[in-house]
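We've got the same protein chain twice here, in two forms, each standing alone as structure tokens: structure 1 and structure 2.
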Structure 1
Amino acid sequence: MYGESACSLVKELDRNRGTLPPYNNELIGEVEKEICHLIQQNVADDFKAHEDSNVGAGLDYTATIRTRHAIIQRNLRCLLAYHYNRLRCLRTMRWEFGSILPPDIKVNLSHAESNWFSKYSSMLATYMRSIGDDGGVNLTIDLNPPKALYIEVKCLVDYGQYELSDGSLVLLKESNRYFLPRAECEDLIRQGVFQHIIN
């Protein structure tokens, strides 16, 4: 049935809110094929209608053409909605993971989407650099209102040496607990190196 594959595209989005499933090339191809097919038919019918009207009699094609046009519009809208919402999701991930995506998410992206991601990253970086007078502000830290200066974290992987902003080095080992400045940990927590321990 016409419009079905477009509908399942949107349903797929709805089922996977907040996550990025693999880019559905197959289904998108089907939607595209359907659109092309319908446009071709419309053009053919339009041509026939013209010929008929020249002769003086013939069938009325308006209803068919209009229905097809409605399907095309709907398919187009679903297609764009699918892509737009994936971009929005990708954008949220830029804020969560920083400019380098984890590999398991990267494989789910289409080529155009990876391009967009790096473009978005660079425009965000340009913007953040331009705030204030000296070197800009990193907006991706301080995501939550600060409660305490130091937080307790548990290290989940053998990270090795890590340099704090005051220049001192900390050796991060698996399953050790650390009491560190919040601003230093935020990034590592998001990368999954640390787990924040909340009493």
Structure 2
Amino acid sequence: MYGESACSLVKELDRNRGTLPPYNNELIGEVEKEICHLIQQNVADDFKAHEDSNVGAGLDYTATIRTRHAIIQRNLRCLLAYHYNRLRCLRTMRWEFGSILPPDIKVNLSHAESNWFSKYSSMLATYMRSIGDDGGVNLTIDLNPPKALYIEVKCLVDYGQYELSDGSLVLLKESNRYFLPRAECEDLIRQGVFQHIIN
């Protein structure tokens, strides 16, 4: 039955929502063969229709050609939906995992998807370097906006004086708690100087 392979691709997307299953070369190939076969049949029927109209037989192939054309269009939409949703999932993974995908996800990509991911990553990195001061802004750090601009932190080591962006100095001593701007603390939390205290 025409369109079953394309429908199976869309069902596969629905079953694996939010994940990236292995690229289905087999079904993609079947859909492509079906599209080529239908196009060849339409071309042959169109040729027959022109011959019959010259002879005067009056056979009408229009309905058959239009039906096949509708099936071709449906198959193409299914292929586009399959590839678009895979790329959308890849784009989301770039923001979540960074520029290096986990090996179990990388195995599921086609060659074209791997190329797309590397180009998207390099374009995103170029854009992030171009905005802001001092080498750019990393947009992938906080995907959700912070609820508060200031956070409470506990100093884990004797760090000494630390200058904030407004020019004020803070003496950071071990076991002391501080209420500082989130942007000032993120690097020190990653370095292990601060521990974020969540109330």
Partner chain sequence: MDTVENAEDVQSDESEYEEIAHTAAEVLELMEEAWLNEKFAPEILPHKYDIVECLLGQISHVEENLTNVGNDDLRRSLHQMELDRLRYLVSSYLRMRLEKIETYVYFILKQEEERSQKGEENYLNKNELEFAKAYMQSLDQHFTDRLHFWPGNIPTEWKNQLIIPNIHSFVFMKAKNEIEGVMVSHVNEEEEVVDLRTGSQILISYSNVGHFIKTNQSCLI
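What we label the rigid core is the largest C-alpha set whose atoms superpose within 1.5 Å from one form to the other. Counting starts at 1 with the first residue of structure 1 and goes up one by one along its sequence. Quantities reported herein were computed from a predicted structural model and do not represent experimental measurements.
- For the form predicted alone, the corresponding chain is the one labelled structure 2.
- Relative to the superposed rigid core, the position of the CA of L38 differs between the two structures by less than 2 Å.
- Core-superposed comparison between the two structures: CA of G160 displaced by 2 Å or more.
- Fitting the two forms on the rigid core leaves the C-alpha of V10 displaced by under 2 angstroms between the two structures.
- Superposed on the core, the two forms differ at V193, whose C-alpha moves 18.5 Å between the two structures.
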